[in-house]
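One chain is shown next in structure tokens, namely the form predicted alone.
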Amino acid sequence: MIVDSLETLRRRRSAKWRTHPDDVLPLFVAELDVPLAPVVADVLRAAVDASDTGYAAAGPDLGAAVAGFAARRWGWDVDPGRVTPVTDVGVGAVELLRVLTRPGDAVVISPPVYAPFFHWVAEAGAQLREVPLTGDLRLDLAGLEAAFADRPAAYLLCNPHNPVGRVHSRDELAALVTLASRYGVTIVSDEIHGPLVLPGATFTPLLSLPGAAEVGVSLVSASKAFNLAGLKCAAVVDGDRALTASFPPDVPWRTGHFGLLATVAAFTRGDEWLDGLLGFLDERRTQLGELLRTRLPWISWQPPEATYLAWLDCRAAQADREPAELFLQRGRVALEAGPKFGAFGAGHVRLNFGTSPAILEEAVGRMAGAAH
């Protein structure tokens, strides 16, 4: 998979390329540097050529595309009739939390976790309860049971887990379902990174587990794997409780038409391209490990099992500032600061390795220079 030159990438106008000055290498926000999948580019080009730029009309297409993709990639049997379009995973999560909670109800999360989780809970008017991951970056099932015993309204699960790249095992998720059933807690599973599980790991969709449909609901999207965030389309896959039936009637109308077209194309005809991407990201993961070993050996990490995001532990440096600030100010490399993902992220950074070998090598070289 060929990535455009840095000069060409800088012509993009998305957040990744417009947030920092041109002397900064941006490896922070989760945008890929690869070109669009041809099947996606073709459907968008055809829509523009036909002046087909109106409101989105999901019809049965989205449900069929999600169901087909889930069956082929994960062996998950999805009822297309249980698939509801939403603007993006964040909007879907907030709407679900609004259905599930009343003001003051508790919602549990497991930091370090995707930074907007903190905002989504507040936006829904709920109270946050944190049960951090364990020291080896796994779900703290004992801590979750203690939290669930207090009868929170929901648990917001990140599956696979951003920023640490953990693919929760089938047994871990089955134990989570058991706890949710025992204490009457609804699991809202953000599975946006499900298509990005790398070689060596296996993704388990929450709702594919026995009993999960009784206590869970999933959010899926092509946006991370196919780099479609700006087109605005995701999907809620309902469990047995049909929570989307309580959504405001205008929610589906807020989905982007181009996002819907691109998502259906990606989920229907994008498998070959996605397989190529996963191979490319596996190579970048290996490259990053070697660069860290040789250039920044004091940084520790667990190579991610999914995503194109690396969670780097920089605490051994004992610096007088957060490492993200150090690498930006001295090295002109933009990374996500660990504390954005919760207090347990102090001394960490999240690095996006979904870029070219040359850019990744240059970035780590700059980071090594900044640390001296």
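The shown structure was predicted, so the numbers you read here are calculated from the model rather than taken from an experiment. Each residue number is its position in the shown sequence, starting from 1.
There is also a form predicted in complex with a small molecule; it is not shown, and the following applies to it.
Open item on the list: Within 4.5 Å, heavy atoms only: does residue 30 come near the small molecule in the predicted bound form?
Closed with: Looking in the predicted bound form, residue contacts with the small molecule include residue 30, since a heavy atom lies within 4.5 Å.
TODO: With heavy atoms only and a cut-off of 4.5 Å, decide whether residue 224 touches the small molecule in the predicted bound form.
DONE: Although the small molecule is absent here, residue 224 would touch it in the predicted bound form, with heavy atoms inside 4.5 Å.
Task: Partner proximity in the predicted bound form: residue 238 to the small molecule, non-hydrogen atom cutoff 4.5 Å - done: Heavy-atom contact with the small molecule at 4.5 Å: absent for residue 238.
Open item on the list: Just checking whether residue 192 would be counted as a contact of the small molecule in the predicted bound form - the rule being heavy atoms within 4.5 angstroms.
Closed with: So residue 192 counts as contacting the small molecule.
TODO: May I ask you to choose, among 167, 96, 121, 158, the residue with a heavy atom within 4.5 Å of the small molecule in the predicted bound form?
DONE: It is 158.
Task: Of 255, 218, 162, 110, the one that lies within 4.5 Å of the small molecule in the predicted bound form (heavy atoms) - done: It is 162.
Open item on the list: Counting any heavy atom within 4.5 Å as contact, can you tell me which stretch out of 86-94, 268-276, 295-303, 170-178 lines the small molecule in the predicted bound form?
Closed with: Stretch 86-94 is the one.
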